[in-house]
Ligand SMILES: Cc1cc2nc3c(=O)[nH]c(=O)nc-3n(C[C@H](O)[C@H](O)[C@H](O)COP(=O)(O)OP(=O)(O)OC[C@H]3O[C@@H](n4cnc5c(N)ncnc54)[C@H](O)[C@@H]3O)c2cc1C
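Only one chain is shown below, in structure tokens, and it's the form predicted alone.
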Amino acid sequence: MSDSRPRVAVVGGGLAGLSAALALAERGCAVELFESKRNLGGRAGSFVDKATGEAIDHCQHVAMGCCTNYLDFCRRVGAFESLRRVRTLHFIGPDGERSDFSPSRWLPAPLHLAAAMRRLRFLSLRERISIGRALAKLARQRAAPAAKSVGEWLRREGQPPRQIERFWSVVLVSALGEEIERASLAAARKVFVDGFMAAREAYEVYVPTIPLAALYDEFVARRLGEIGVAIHRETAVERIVGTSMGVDSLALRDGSRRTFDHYVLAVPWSIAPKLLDDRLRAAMPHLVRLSEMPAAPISAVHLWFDRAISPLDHAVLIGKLSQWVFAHGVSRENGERPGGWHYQVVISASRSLAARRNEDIVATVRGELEAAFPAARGAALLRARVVTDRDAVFTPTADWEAMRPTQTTPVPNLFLAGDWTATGWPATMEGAVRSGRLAAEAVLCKAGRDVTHDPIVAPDLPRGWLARWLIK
């Protein structure tokens, strides 16, 4: 008996491609996924620590409570229990004083933030009031003003440099992976409204307790196999062949051709145009131009000490080169640990590090850790490694935001997925999963399926009565 299911090829085994493949297979499509590398996960990868043989993520990835689609994706593949839920965020001020950010569980959103803001000791009362007023205006900001960046908007709103450095940049540079002088106001508003103001649990952070390589290569791959997705690892697509009338086939690097009914292109924005043949590029000049979209680097400094340097599993350092610090393993244990105690320092928008030697970067980061955590001053640094992804995220400028393509294309059976497509989200794991699910919805609609009563994209967190009234 012939298989009458829609046949779909997904090109790219990153989070966008994996989420598209999962959604399509769950709804009865015959899906094959093509990944040029051995491992799944795309830019969210891992390396092996030679001293211990453990898989270590190149850079720590986290989700927030507002990331409803990413969290639902983890539930569907059985990996949700491998996420640690963090409800209290720890900030270390410039003088080393610790502040714990924990919103009220009784006040409605967004008033629940008032208690948390009050605990930020590195901000004065006047500064907290000024920031609160700007946040209230941001929540009511419907139309985009003439400001080219959120940095420009903040200065227009009278936010002084100290407040920008100690609050706005702390949140936005980490969330967007980009400097506030480059990021759009719309992207910043998304972070603060959806990530903090709209719902009480939106701010909560979810940290993977297993390497991303295990999450994608074990949990996701196993689930995809269970529902019939054929995963072709180390199988590079050389070219997508077709015309404006439709894609004809995939030309693989080994010289073979594969034909499907529908095709989902789920690779980074810089690679997508290169996989299209000349006729398809001519049909999609807008996509070709996206290869010029600017990117921002993110660096991670991995350090192994001979002892625990802090009882905290994470911390945010204010006014330092180091931004987020994550302790891997159970940092509260006493005694020795084979290979040492591993800490990872994440530095987003790390362009300034390009001209610096790794030894200098490590020395600076270590000095900042010693200033924040007194126990680090007596600890021996066993080894260190600096990892930088120069094209970690696309830069969410106002101009490029408007150019992000939808998941459908002028070519009837070709669809796009990736955090760089139009999802309403910045370059995050949530944006990647949403893009894959939106692409899956588009494929199903093209195949004649009605997804109106069975939507793939998970809804946002529900807003409380006060948030619905205050946020436009």
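So that there is no doubt, residue numbering starts at 1 and follows the sequence shown. Keep in mind that what you see is a predicted model, and the values were worked out from it rather than measured.
There is another form of this protein, the form predicted in complex with the ligand, and it is not shown here; the text below is about that form.
Proximity to the ligand in the model of the complex, taken as a non-hydrogen atom within 4.5 angstroms, holds for one residue of A349, V267, V301, L172, which is V267. Distance criterion of 4.5 Å from any heavy atom to the ligand in the model of the complex singles out A392 from the list V86, I210, I231, A392. Mapping the unseen interface onto this chain, K50 falls outside it, with no heavy atom inside 4.5 Å of the ligand in the model of the complex. Proximity of A442 to the ligand in the model of the complex falls outside the 4.5 Å heavy atom cutoff. Although the partner is absent from this view, L15 contacts the ligand in the model of the complex, with a non-hydrogen atom inside 4.5 angstroms. Among heavy atoms of Q60, some come within 4.5 Å of the ligand in the model of the complex. Contact with the ligand in the model of the complex holds for none of G151, A187 and W400, as no heavy atom of theirs lies within 4.5 Å. Contact with the ligand, judged by heavy atoms within 4.5 Å in the model of the complex, is confined among 158 to 166, 133 to 141, 267 to 275, 357 to 365 to 267 to 275.
Annotation for 39 to 58: interface residues with the ligand in the model of the complex are G41, G42, R43, A44 [heavy atom within 4.5 Å].
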